Each structure stands twice: as C-alpha cells, then as structure tokens.
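The chain below stands alone and is given as structure tokens, in the form predicted on its own.
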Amino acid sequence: MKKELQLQLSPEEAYDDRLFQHVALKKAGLSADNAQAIARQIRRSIDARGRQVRVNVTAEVFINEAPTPLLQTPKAYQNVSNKEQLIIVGAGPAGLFAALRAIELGIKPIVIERGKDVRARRRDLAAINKDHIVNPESNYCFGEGGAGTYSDGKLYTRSKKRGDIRRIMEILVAHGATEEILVDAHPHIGTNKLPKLVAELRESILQAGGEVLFETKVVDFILEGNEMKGVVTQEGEKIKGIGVILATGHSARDIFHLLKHKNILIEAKPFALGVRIEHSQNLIDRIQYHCEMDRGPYLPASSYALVQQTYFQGKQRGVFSFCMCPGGFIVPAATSPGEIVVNGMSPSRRDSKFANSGMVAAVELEDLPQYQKYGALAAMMFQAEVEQKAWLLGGKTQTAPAQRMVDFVNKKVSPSLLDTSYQPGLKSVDMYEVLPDFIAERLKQGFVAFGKKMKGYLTNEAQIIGVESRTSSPVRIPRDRESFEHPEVKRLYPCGEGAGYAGGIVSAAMDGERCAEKLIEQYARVH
C-alpha cells in the first residue's frame, strides 16, 4: 500500500533522514519504528518567505511493500554501428542528448567536437587560471560537455514546452547524477561531479556504435544546392550524413562567421551584458534566511533572483541576476586570447565562502546603431569589443577589472578590493570605463533598487567583476517552428543555446532531442 503526504517541515526534519522517517510515518498514522513502512521524498522546495524557514515536501509512504524505483528510464541503447549516420557539431548538452536520442531511433550519430575530452580539458583550464593562457579550442566553453561541464550544473528550467524534463533528469541519473535531482525543486549537480557524468554520456554513445571525435574542428559545410550533406574538418576530412545538427554553443564565433560567409541566413539577436557580483555567502544567507549568525547545518547555501526595470535616455530595459551560484567560484571563460569573460560555477556541496551572480542589462539591437554595419553579427561584434576593452583595462592578462559595489554606484575607484574566488586575480578599475554608458547606468539603477529589495545587498563588502557577456547567443540561426529545419538550407538543424533556442543544460538537452527526432523523421530511411 502507498500513501502520498504533503508536509511542511523544519530544515532539520527535511534534511536529516532519520528524523524525516520519524515525522513522515507519524503523519501517516504509523509508529515511527514500524519495520514494514518506509517514507521517501519525491518533491522538495524551500519556503523562506516567513521568519521561520520551512521546507515543503511531497512524500510517499510504502506500507508492506517495497518502494517503486524513482528511476523509470533504463540505460539501454541499441547498436547502431552499421546504421545511417547523422552529423552533430558540438558535444555540449544539446549535442550529447541529440546523439543519444538518435541512437534510440536507430541512427548512428557522429559527434564532432573542437575541444578535448573532460580529462584533457583540465590542463587547459589550469593554464587559464594560473598562467593566463587561453587555448581557443579548449577552455571553459569549448570541449566535452560544453560550457555546462564547468558550471554550477543547474538543472532548473522554465521551458516546459520543449519536452519531458523528467526524462532528461532520469537520463542524467542513469549516467551518474544523484537521485536528489529528481526531488529538489531547483536541482543542481555541481561542477565537481559533472565531468564524470559527461564522460558516462559519451561512453553510452560509443558503446552503442556512435562516434565522438575530439579536437576536430569544423571549418566548412558540404552544400549541394540548398542541401547540407555534411561538414569539412580542419584536416580536410569530409564527413557526410543524412543531415547536420549544429549545436556549437553561444561562443563559437567562427561558426557564425562561416555561416555568414556561406550566405546561410542568420540574424542578430538581443542578449544581455554586465558583470559578475560577489558577496560573502554568509551575508546572502543572513538576508535570505533571516538568520543572525549563519544558516546552520541543514539548509543549503541560499540563492536569489532579482530583476528591475531601468530607464536610460528614454528607453526601458531590464537589469537582472543571471546564473546565481551559491557557495561558488568565478572563473575565466574567455575563448580567445585578448579578451576577458567571467562566469560562475559551484561544486555540489556549494561550500565556498562566496556567493556570485551575473548581474546584467538587456541589450536590444536598437541600442547598437554604430554596429549595424556588421549586419547579423552586430550584437556579436559589440560583445567582443567590450570583452577586449576589459582585457586592456585589466592589464592585458586574465586579471579581471573590478570595483567595490557602492564605489561603482558613487563612481569612485576602489582604493582596495576584497578577497575573491576568481583565481587569476583582480585589478581595481573604474568600471564605467569598461562598460558602455547605457549598461553602466542601468546597472547602477538596478543595484540601488536591489539594495531596497534585499536589505544589506548594496554594500561595499561586495564587488563587481567584469565582464559577464556570454549570457546567451548574440546570433540566432533561424529555423522553422514546426520542422526545426533551417528555412533556406535543407538538412541543417540549428540547435541549442548557440542557435538561440535554449538557455541552460536541461533546455539545451531537450532541444537536442527534438532536433534529432525532427531530422530523423524527415530524412532517415528507417522512418
């Protein structure tokens, strides 16, 4: 027999399993020491709106029967080594999940990745952090798993329409993620656990007869009339298939240049640009959990989400927090020498003493009149120039320009900076010189407003670090709403975050699956 319960628990009752069993069984009208009954959580969310933090839990109690498995999707893939093949460019979440879905549908995926596998990537990440050397083919954005591998591993998405979120979560659990991601309302995996999981996804592809080609850069497309039949690598190898899923991520500028050079339709796209802000995690916990000292042993590191409408020269734009990383680190995410880009990530325990978040202003195409000469690459060229300016003002290394928060609002260069999680180091700079006026003024307005929404948030014990510029792709590769195919080039399926159709691991994974399904439905002989 199975009972479902709705519980409102203290953090200790929710996160201490022994205590949870006691409370849940008692609520079900059973003795806490009933050996024939077991309770488990199937949904959990924190409610910190009141003075006392509560945890809302949906639980199941099994009486005189074994609990059903939480995982419904077995890890079983057919062998496709001799089947028709499709080309997937990019081994991020969109590319990897497109490959697994293709295998399920009886098609052999050839995944082509410019970067290295997760183990080999680590050396290049160490070189950025310690020696300030950026490898344009292997960095925090390029390589196995894409930008998502070295991120917080957030699995929350609002894009319910794209596909079955639970299915994506179960595939991740089948490849090594903890079952906790099936329970938490805002699940995350952690940057320390993502590399092993990504390697397991690759192993499933290889064991099923698919191929994953690392350090293989696509430099041209094979076009026959208005059809894309394959790609050409930097070694001159031609790889053909029934179609091409282009899942290259938001930072593959060379691919956008190639598309424009080949006269394949692309469009400039609005995005957002700003800084990463770093507070002490203890301060954010005290604000969010209403606690005097610390959050205690049970509650996870707290997060926040902020948004404010701002006005500059008569135009309204949003300023908002982006990719908030509780208990996390700020990392150098440049993809070419001569630029500074910062991003955030968190380990699974979220136990760093720092909290960081992107804090960005919306950039519309009408904000960039002087870049219109670049056509579809207008927003991308603007983005690149801001990153290059940050590099110049930071001292022409991966040392990032920074300023204390209140000093920035008061337009005062900080005489000293705070401790930071950003390993390459910081340089005190007037961030009004780094950021365009319309971004800096909007951020200033946002910070003042956020200080009123979260008492204590606006403080000189926080600092802003530049620049957070890779929030989403500044280019969209158009596709048909129904078929997902490029409107002019047949057999080309723009996919994921780089094409402008996803924002994060789960939405990219779901988009990868849909692209594989649509391509195979249209062009595979087996269908």
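Note that residue numbering begins at 1 and tracks the sequence as displayed. Quantities reported herein were computed from a predicted structural model and do not represent experimental measurements.
Absent from the display: the form predicted together with a small molecule. The rest refers to it.
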**Prompt:** Is there a heavy atom of Ala91 no more than 4.5 Å from a heavy atom of the small molecule in the model of the complex?
**Reply:** yes
**Message:** Residue-level question: is Pro11 within 4.5 Å of the small molecule in the model of the complex, judged on heavy atoms?
**Reply:** no
**Asked** Closest heavy atom of Phe142 to the small molecule in the model of the complex, within 4.5 Å or not?
**Response** yes
**Prompt:** Can any non-hydrogen atom of Gly466 be found within 4.5 angstroms of the small molecule in the model of the complex?
**Reply:** no
**Request:** Tell me, out of Gly327, Gly210, Gly243, Gly148, which residue has a non-hydrogen atom within 4.5 angstroms of the small molecule in the model of the complex.
**Result:** Gly148
**in the model of the complex, the one of Gly394, Gly153, Gly358, Gly446 near the small molecule [non-hydrogen atom within 4.5 angstroms]** = Gly153
**Prompt:** Exactly one stretch in 93-101, 421-429, 127-135, 306-314 has heavy atoms within 4.5 Å of the small molecule in the model of the complex; which is it?
**Reply:** 93-101
